[in-house]
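Just one chain is shown here, as structure tokens, and it is the form predicted on its own.
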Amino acid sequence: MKLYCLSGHPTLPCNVLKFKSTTIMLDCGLDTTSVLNFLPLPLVHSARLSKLPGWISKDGTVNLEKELKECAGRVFVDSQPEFCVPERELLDLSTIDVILISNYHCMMALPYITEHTGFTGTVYATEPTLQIGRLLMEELVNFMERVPKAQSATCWKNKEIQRILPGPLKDAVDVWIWKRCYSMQEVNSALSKVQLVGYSQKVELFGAVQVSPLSSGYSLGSSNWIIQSHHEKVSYVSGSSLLTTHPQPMDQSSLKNSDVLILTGLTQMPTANPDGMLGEFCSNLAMTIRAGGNVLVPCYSSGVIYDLLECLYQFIDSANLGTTPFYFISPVANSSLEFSQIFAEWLCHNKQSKVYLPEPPFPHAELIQTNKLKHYPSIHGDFSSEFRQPCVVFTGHPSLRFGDVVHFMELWGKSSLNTIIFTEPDFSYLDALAPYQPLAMKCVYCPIDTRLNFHQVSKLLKEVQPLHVVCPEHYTQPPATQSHRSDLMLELQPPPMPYRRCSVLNLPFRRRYERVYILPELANSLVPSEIKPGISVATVSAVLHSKDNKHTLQSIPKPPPVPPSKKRKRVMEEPPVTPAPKPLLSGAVPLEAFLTTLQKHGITEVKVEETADGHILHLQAEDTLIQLEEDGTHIVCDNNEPLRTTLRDLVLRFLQKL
């Protein structure tokens, strides 16, 4: 069993598991942190960005004025943003049989995998994962295509040139495999390969293994996966949460008795408490509005935003924000808000019960009805005529490199009355803000990450007790910024097996058993012999038939009868006679009892020598050796056939014949 790691990002995993002749890809996350090295894509012409000076090396030998621009002491690539895609050279991706998706954040690289590698398999995901994943991909494509860049920067990627660039460009990993965004056509083609599954549904893969999704409690439709054969079980735990938010709670009991547990997608903010962050988010928002400023919340169009809106729904009246407009701007804003209300069976029990009242499960439906929350596909059109300040705007993208958020940064960045509140943990807020410096607006960092922290995961692993744990290398050592915090890492016995991008692990268990079925007529012909009280054994002679990874014992076919011939039969034409199988022997020869039996038969001079595997008996008068070992008995006797036969019969007295 092997595990190939194609992504180095612990919360955006992409691994391939080879198990029982099947090749299974576990998630295909897209590392979007690479976009922080690029300049933002403004929706309207930005005089500030267009006047940025180009970069020339200090000695003047390298001139990349057209590709690289300097802003507030940092260098950015002036080109369409590119993403760090999963590694494609480590193994032939056309050999992948299935892709299992955990949640909609972990499927953003799907078009890169399914469309350009010869992939012909099936993708398995739950319905909310597919539908919300489609929205996030659609939004990403829309952000990129509505502000295309004419030039494409490639010279800076040259290894020799990259080496002399200032950081962080100098340290960017695998820049030559970074790719521009896919098209909507590729998204539709990739998603057409998705087959929908429900929690605990068992899916057979070629008769070899069974895969089954379990609720992971992190987002709508998010799953952990069980991959098992008749005798082995692998659990894949990715992006799970034990907090009581809107999704169905995590199914922990089904993870028990795993031979290997592959663990990814722990919280990126192990020291931040999500409840505390929500409180901080609300108080900072209220403070800014009261002072007459605007609040900008760069966020994804699905996920945490549902919880933020629910939190604000409860907070608005107590903070006297009833007249403040809330705007949600995204090409998929309408679909996202509607989808969250229709996936009732994927919600926690509390929200499910509202559907039968009938009430909308999420309170943002009421915010929309009372006109407190308005949603728009973009800043153009209706929004510009209805927009009034002070207000709160939820929009993407959290990287601040593309989307409507770029326009609000340019619009509100110069006033210290305004505040930007970061809630998504995927991007360093300092790196996100770098191309907008100098910035007057206030920044508040309230990362809300509900995924498992190290304390929760240690408790979980104690309960489910897997034999082996495999996890990203990041989890086996404390964060670089807090190297003294040994509580911010996984400490297990035996130690977890770490992996990093491009590593290949041989997982430490051997398959020892295979299930074999026996046909009823063959079972009927068996004659069991009792070897111990309650234990019977029977020998079987059969043909092993294997098809679709199912193994069956069938009766040996009888030779066809020879048709009568007028010619005289020749000896060669006789059908071969199948000899009856020799009986099998079982048991052990007890030394003392055997020596007593030899004495009774007149063999008295016996020298006994102990060996690593048993004993050697030297019959001195007869010049004969008898080797008694665990798995066999040898009689070495030259030119005395009657004695050898006698000794053989004495040995057989102590053994059982089957």
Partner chain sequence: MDGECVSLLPGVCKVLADSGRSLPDDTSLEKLLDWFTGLSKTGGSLLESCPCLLEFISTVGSNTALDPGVLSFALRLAGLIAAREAGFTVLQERSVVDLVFNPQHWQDAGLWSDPCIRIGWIQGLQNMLQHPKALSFFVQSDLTQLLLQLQADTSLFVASAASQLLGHILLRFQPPPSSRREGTGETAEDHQGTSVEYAAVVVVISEYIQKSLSTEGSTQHRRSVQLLRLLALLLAQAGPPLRDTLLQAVGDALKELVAAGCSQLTLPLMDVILAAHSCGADKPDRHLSCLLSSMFSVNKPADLIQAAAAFLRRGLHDSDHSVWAVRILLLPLDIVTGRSLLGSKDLDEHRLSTAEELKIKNSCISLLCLCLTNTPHITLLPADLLPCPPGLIVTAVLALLSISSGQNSASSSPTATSCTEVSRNVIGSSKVQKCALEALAALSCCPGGKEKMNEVFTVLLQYLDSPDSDPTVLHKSYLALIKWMSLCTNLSFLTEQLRQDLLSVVRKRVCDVRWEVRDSTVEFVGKAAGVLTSPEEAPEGLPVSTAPLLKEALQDTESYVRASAIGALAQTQWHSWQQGAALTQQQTETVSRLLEILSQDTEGFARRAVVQYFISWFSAVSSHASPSSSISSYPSASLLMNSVRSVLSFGSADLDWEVKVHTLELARLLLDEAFLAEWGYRKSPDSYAGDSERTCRLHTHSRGVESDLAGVLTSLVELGVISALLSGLVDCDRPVALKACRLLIRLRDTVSWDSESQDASAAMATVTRVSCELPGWGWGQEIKKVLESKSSDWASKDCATALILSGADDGDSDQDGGDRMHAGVCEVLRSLGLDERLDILSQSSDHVHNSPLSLLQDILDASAAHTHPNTQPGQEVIVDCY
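Fair warning: this is a prediction, and the values are worked out from it, not measured in the lab. Residue numbers count along the first chain shown, from 1.
The following text describes the form predicted together with its partner chain, which does not appear among the structures shown.
Novice: Report the residue, out of G292, P358, G276, P168, that has at least one non-hydrogen atom within 4.5 angstroms of its partner chain in the predicted complex.
Specialist: Looking at the other structure, the residue within range turns out to be G276.
Novice: Answer with one of H349, K414, R180, R485: the residue that has a non-hydrogen atom within 4.5 Å of its partner chain in the predicted complex.
Specialist: Partner contact (heavy atom, 4.5 Å) among the options: R485.
Novice: Please check if E280 has a heavy atom lying within 4.5 Å of any heavy atom of its partner chain in the predicted complex.
Specialist: It does: once its partner chain is placed as it appears in the predicted complex, E280 has a heavy atom within 4.5 Å of it.
Novice: Examine Y475 and determine whether its closest non-hydrogen atom to its partner chain in the predicted complex is within 4.5 angstroms.
Specialist: Output for Y475 is no: heavy atoms all beyond 4.5 Å of its partner chain.
Novice: In the predicted complex, is there a heavy atom of its partner chain that lies within 4.5 Å of any heavy atom of L460, even though the partner is absent here?
Specialist: No, no contact at 4.5 Å.
Novice: Considering only heavy atoms, tell me if E491 and its partner chain come within 4.5 Å of each other in the predicted complex.
Specialist: Residue-level check for E491: yes, a contact with its partner chain.
Novice: If contact means any heavy atom within 4.5 Å, which of 186 to 194, 107 to 115, 543 to 551, 313 to 321 contacts its partner chain in the predicted complex?
Specialist: Checking each option against the 4.5 Å cut-off leaves 313 to 321.
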